[in-house]
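Read the single chain below, which is given as structure tokens and is the form predicted on its own.
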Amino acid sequence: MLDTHTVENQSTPFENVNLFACDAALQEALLRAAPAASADLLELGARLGRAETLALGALANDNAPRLINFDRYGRRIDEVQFHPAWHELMALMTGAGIHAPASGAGAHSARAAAFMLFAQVENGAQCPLTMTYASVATLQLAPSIAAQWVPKILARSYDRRSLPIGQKHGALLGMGMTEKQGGSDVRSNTTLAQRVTPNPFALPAGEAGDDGDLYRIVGHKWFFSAPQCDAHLILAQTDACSSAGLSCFFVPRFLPDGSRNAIRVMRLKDKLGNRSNASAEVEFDGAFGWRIGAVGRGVAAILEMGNRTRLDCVLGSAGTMRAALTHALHHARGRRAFGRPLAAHALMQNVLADLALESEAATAFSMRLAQCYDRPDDALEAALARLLTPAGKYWICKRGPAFGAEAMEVLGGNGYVEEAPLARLYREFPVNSIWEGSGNIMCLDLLRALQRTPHALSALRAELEAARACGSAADRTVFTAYAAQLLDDLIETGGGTDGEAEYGARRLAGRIVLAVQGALLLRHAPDHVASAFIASRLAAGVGGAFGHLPSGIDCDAILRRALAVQALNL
């Protein structure tokens, strides 16, 4: 009998590889920002690249979380049940400190590199860790709460149990901003917080035991991120000062007396992607919350948290790009078509090299942005972070879905099925663009940063001028002209927020990111990478699809750098 099903000409899975060792761009960026962390990242990259670790991401997404509103006796519990793979991933990431705010020289950069590696394994589990990482700056506005909660946040212990904070080894925090009627317009929130006096709990409220900082909250949140977290930061109106604006509140799942807070989880969202993670709709049925910061200053209190969650959106998109690239390039090298490996065909090389350039530029930008957060006392670095965070959140995240679609197409039908990771990666890209402020919100925030942040333009100019003497004469000419025109336009508009400035804000954000990426690649990447980026992005303008590289690009060299065969351990 003839054999009708001999399987030939299929690439092997991209697994059992050190994700850090095969990423030259990330290694070099880490050496610039936090060289002492390289050994730890090398060990982490090996663990994350194992087949069994990569399989956890697929398992966690194939087995979505399940809401259990009541226990067997009819008591309201509002618990979320996760697959064991989710808990393994959470323990792994918590053990690596992804959830804990960084301290020490280069610590934010080291965490950023680790975050991008984890993005290549599973994105949904990163969400509660991002919020926990970002929450500490806001919690510091309430010293008595911070004193009890921050040590539990800093602990590298994943404690999945639903218990009051005093009985737990570690803690995770979430957030809830969006309401049905407002979306990104949080100032239209209707959730109401009414002051409670005297404070019936032993826990000192808000500021130094001021009993007036305890509130009862009635209302809802349309998107409540990670309802299984131990506490959430939310925005609500106050009864006496609603005209002053929103206030920020700390709302724990368990109250100081051990009872459950009145946070009713109505349902979990059925999402396009990010399926391993629970996102909920909730109602507050007189839930207790402690005010964080001044009355009416909730948006300001939450701003620093928002900056860090937006940083992680940039990092997550850059890491997911890297994952999509490696799967596509590995497949193209292992699959033959028309007598040659896919990766040997000129047009496929154009596509793959274009993707590689995008990924390396995103990595360089993301790590440079993280480095700004390592230098909070440097006025120029702080101003650059304020400027590049919304710009990067817009541009890097916006480039993700097209990147994922192109990488999927490299695998053809093999990439479009659920067994391959490309389908899951593709579904993950949009959430980073939508969450924590959509593209338009980011571009409007960029305009505010240009208008209101001292030294913002000076910081950008200094960043771009650092590359003026780098690269070939031809590349310097193109880059210098591009950067000069950008700076002239920024000076002319003054970062205004009028209708004309708003109309062109997306284009402006993209130009800023491309200029910074070009500067970073000129300074730090090999000449063939920098030249290709400048020729395809600054000189020619970004095309509508990948695979538009001009002639004369050394695609072979770009692809060897993107995924060096000798760095793989397959």
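Not measured: the values here are computed from a predicted model. Each residue number is its position in the shown sequence, starting from 1.
The form predicted in complex with a small molecule exists for this protein as well; it is not shown, and the discussion that follows is about that form.
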Q: Would you check, heavy atoms only and a 4.5 Å threshold, whether Gly124 touches the small molecule in the predicted complex?
A: no
Q.
Can you tell me whether Ala107 touches the small molecule? I mean in the predicted complex, with a 4.5 angstroms heavy atom cut-off.
A. no
Q) Are any of the heavy atoms in Gly400 no more than 4.5 Å from a heavy atom of the small molecule in the predicted complex? A) no
Q.
Residue-level question: is Cys248 within 4.5 Å of the small molecule in the predicted complex, judged on heavy atoms?
A. no
Q: Name the residue from Ala102, Leu444, Leu141, Leu457 that puts a heavy atom within 4.5 Å of the small molecule in the predicted complex.
A: Leu444
Q) the small molecule isn't shown here, but in the predicted complex which of Ser162, Ser184, Ser472, Gln81 has a heavy atom within 4.5 Å of it? A) Ser184
Q) Exactly one stretch in 377-385, 475-483, 170-178, 358-366 has heavy atoms within 4.5 Å of the small molecule in the predicted complex; which is it? A) 170-178
